Each structure stands twice: as C-alpha cells, then as structure tokens.
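Below you'll find only one chain, the form predicted on its own, shown as structure tokens.
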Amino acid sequence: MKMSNSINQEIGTRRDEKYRHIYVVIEHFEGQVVPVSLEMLGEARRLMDDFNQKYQLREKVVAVLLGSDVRKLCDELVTYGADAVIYANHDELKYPRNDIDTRVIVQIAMDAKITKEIEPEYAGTFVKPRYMFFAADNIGRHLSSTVLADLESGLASDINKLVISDLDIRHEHKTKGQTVRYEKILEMYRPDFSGFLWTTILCLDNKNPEIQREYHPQGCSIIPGAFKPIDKDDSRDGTVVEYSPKIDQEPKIKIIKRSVIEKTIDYETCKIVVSMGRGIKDNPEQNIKLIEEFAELLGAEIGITLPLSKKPYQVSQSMDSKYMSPDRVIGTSGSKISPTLYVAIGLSGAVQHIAGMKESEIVISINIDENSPIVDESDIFIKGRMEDVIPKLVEKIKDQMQAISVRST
C-alpha cells in the first residue's frame, strides 16, 4: 500500500526529531523520594500518555536521579509512573550541590547513548530532552535555572498547570510577523502577581530565518502540591540505567556535616490561621503590627497571600524577614491548610489563594469590598477597614479574657 507524500513527509519528520521524552529531575531526602517528585512524575505520566496517543509516538517519562546508594529508589519511581530511570551513583552526589548536580544532569540530558536503552527507535537522532521538570523548591528553583542555562534554553518558574498542544503563533521577531504552526508546545501556566489571572509561558523556537534558533528542552519548575501523584502500581515495568558521571575537577564546596532545620511555620497542627493580603498597603508596618497582636491573642499562626511574598511594600527588616516569606504563602503557590478557624484580613480571595484555605471549618473575612470573592467563602463577613475593625476585635477579646480570668478566681 502506498502512502501520500505528505504522510511520508510527516512520518519522516517524526523520526528525525531531535528532542524526545520528558525528563523529571527527582529529589530525595533520608532515603525517601520527596512528595513533589512523585507529583511531577504523575503529571508527566498523564501528559505523556495523552501526547503519545495524539501524535502516535512512543516517547517516555524519564526520571533522573542523583545520589549515593540510590539504586534502591529506582524501582519505586517506576511504580509511580516512570518508563525509565537514569541514576548516577557517586559519593560526590550524596548531598545536593548545585554546581556538581548541574554538570551531571546536563551530561545525562545530552547523552544520546543512554536513549538507546530508553527507546532505541529515537536514539539515532536524539540531541536533548523535549521537556524537563524540576521542583519549585529551594533546591529545584536554583538547579532548574543553571541546568537550563547550560542547555541554552528557557525556564518557566513556579508552574501549577501544564498543557501540551499545537499553536498558531504570530510574532514580530520569532516568526517575522507570519503566522506559524508550532507543534508539541508545552503551555506552562502560573498565577500572575494579582493572583486572579494565569500567565501562560511558552518556550518557542525562533522561526524567523534571520535569527533562527531552537530552544529545548522546554523546561519548568513545578510548585509542590500543584498535581497529584498517580496510584502506585507494583506491576509496572520500566528500564533502569546506571550512568557514570564525569566529575573531573575537585569540588569547590565540600559538605562536612548537614543538619535538618525544622520548619518554623507549622500550618498542619495549628487550629487558627490569620492571613493578610494587599489590604495592608495604606500603612504596611502598622497594619502588620495590628495583625500580629490579633494573632497572638488568638494563639494563631500568620499566613500571607502570594503578592506579599514578592515584597511590594517597604517595612522594617524584622517585619520583612518574619512575615514576607514564601514559607507563609497560603494557596497553590504555597501551603494548603485546614484549620478550625481561618481569618482573612485585607485579601480579596484569588482562586489560587482560595484553593489553599477552602478546607477551613470556619472562615471570617475582613474587607472593605463586599463584592470580593472571599465573601463567598466566608461564614462571617465584616465590612470595614482593618485599621478600624481589628482594634475593636482586640479590645473585645481582651475584655472576654479578663472576664474569664475574673470568673476563674
């Protein structure tokens, strides 16, 4: 049976593609794979299953694992969705070090010989991974930037939604003003500064002949908790490949001792959380002090919205370091919580924030805007400026505490 020239050409293009597979960089601690790595594997598995069905390909989810004595983790990664695991086992990889880890990951990403064991059909033309995922945590944010820089591609940070699609793009520089079809593009979504809109980030090749250049892998760091891992399946089969890293030079940094710093913010066990948003803007320093006093009276932990973690207002160094921290963010870009009482002060209620606190049993909100989205999530809504409302609440709480103390004596 003869095929048309267009179909022949399409199949030939597929076979000649230089970029293949999703590479997922795995993090582990004390012999355990960290949860965000399993979440990334799960999303990669879902994306690749749809991808292969849509494009009639056999590309793989490839887990990349660095460490010392990590072979025992490889089979677990297969059960959680990896088609293949490439692991580098070396004493110098025992603890995360960005300079060494970057070099080894780049070596793995550009080694076509490994891909013969992953999918022989594509090994002959392989140059780099098609997509690459990292965790958006303290380790992954740094590592993703240095790896993608060495691979001469772009990076989208703090992503919490992913779609693979074909897009018709018209761009003054990249396409010289012409509409061009881009295939197999990873649409990477993240909440914008307002928290109400999604920003879509694309890593596109320059198809303008005057500045022609390709950018791969299409890479991103993924927010912990944004996706769910797939169910563990012990019957899954996968390929495990040991990689011998080239660590030629003496490391600039040696880790002699490492201790774990316990989290200073414990949202899991606290029963009351008081969160603040950009409503503090009229007098940020004083309003934070008001909220701090209020939270102390309630025995509550303090949370913030994503925009405050970007430090939009000038406050004292002590307030900044204590409260304007990404560790305090509630929402898809931070922690998901389920306290008995949640008090939302001066925050509108972006969908990303609501996703992080919607499991709260009782929600009280203080806001000047009775049409803000947080109102729909509230059991009690107090319309007013926090500068007026909080002092009255503090006074009433102190009165009640005094009355209770008197009755007790």
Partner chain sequence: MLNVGVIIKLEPDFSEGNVSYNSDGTLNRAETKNILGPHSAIACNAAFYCKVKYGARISIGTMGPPIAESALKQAQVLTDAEELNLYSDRLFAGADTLATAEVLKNGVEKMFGADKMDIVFSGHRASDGETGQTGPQTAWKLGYTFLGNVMDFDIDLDRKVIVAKRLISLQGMDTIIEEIECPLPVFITIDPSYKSAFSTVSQRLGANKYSKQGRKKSENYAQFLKTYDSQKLDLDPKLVGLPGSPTIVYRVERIPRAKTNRKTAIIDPSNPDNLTPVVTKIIEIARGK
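What you see is a predicted model; the values in this text were computed from it and never measured. For the two forms, the rigid core is made up of the largest set of C-alpha atoms that agree within 1.5 Å on superposition. Positions refer to the first chain, counted from 1.
Although it is not shown, the form predicted together with the partner chain is what the next lines describe.
The stretch from 139-147, 78-86, 117-125, 236-244 that comes within 4.5 Å of the partner chain in the predicted complex, counting heavy atoms only, is 139-147. For the candidate spot formed by Tyr55, Met110 and Lys113, no residue has a non-hydrogen atom within 4.5 angstroms of the partner chain in the predicted complex. Arg278 is the sole member of Lys184, Lys176, His90, Arg278 with a non-hydrogen atom within 4.5 Å of the partner chain in the predicted complex. Not displayed here, the partner chain is approached by Phe381 to within 4.5 Å at the level of heavy atoms in the predicted complex. None of the heavy atoms of Pro129 is located within 4.5 Å of the partner chain in the predicted complex. In the predicted complex, Pro373 approaches the partner chain with a heavy atom inside 4.5 Å.
For Asn287, no non-hydrogen atom is located within 4.5 Å of the partner chain in the predicted complex, even though that partner is not displayed. For the partner-free chain shown, Asp158, Leu167, Ile169, His171, His173, Lys174 of 158-182 come within 4.5 angstroms of the partner chain in the predicted complex, judged by any non-hydrogen atom. Relative to the superposed rigid core, Lys383 undergoes a CA displacement of at least 2 Å between the shown form and the other one.
Once both forms are fitted on their rigid core, the CA atom of Lys228 lies less than 2 Å apart between the shown form and the other one. After superposing the rigid core, the C-alpha of Lys336 moves by 2 Å or more between the shown form and the other one. Compared with the form shown, the Asn98-Asp320 C-alpha separation increases in the predicted complex, the change being 3 Å or greater.
One change in the predicted complex concerns Ser157 and Pro312, whose Cα atoms lie at least 3 Å farther apart than in this form.
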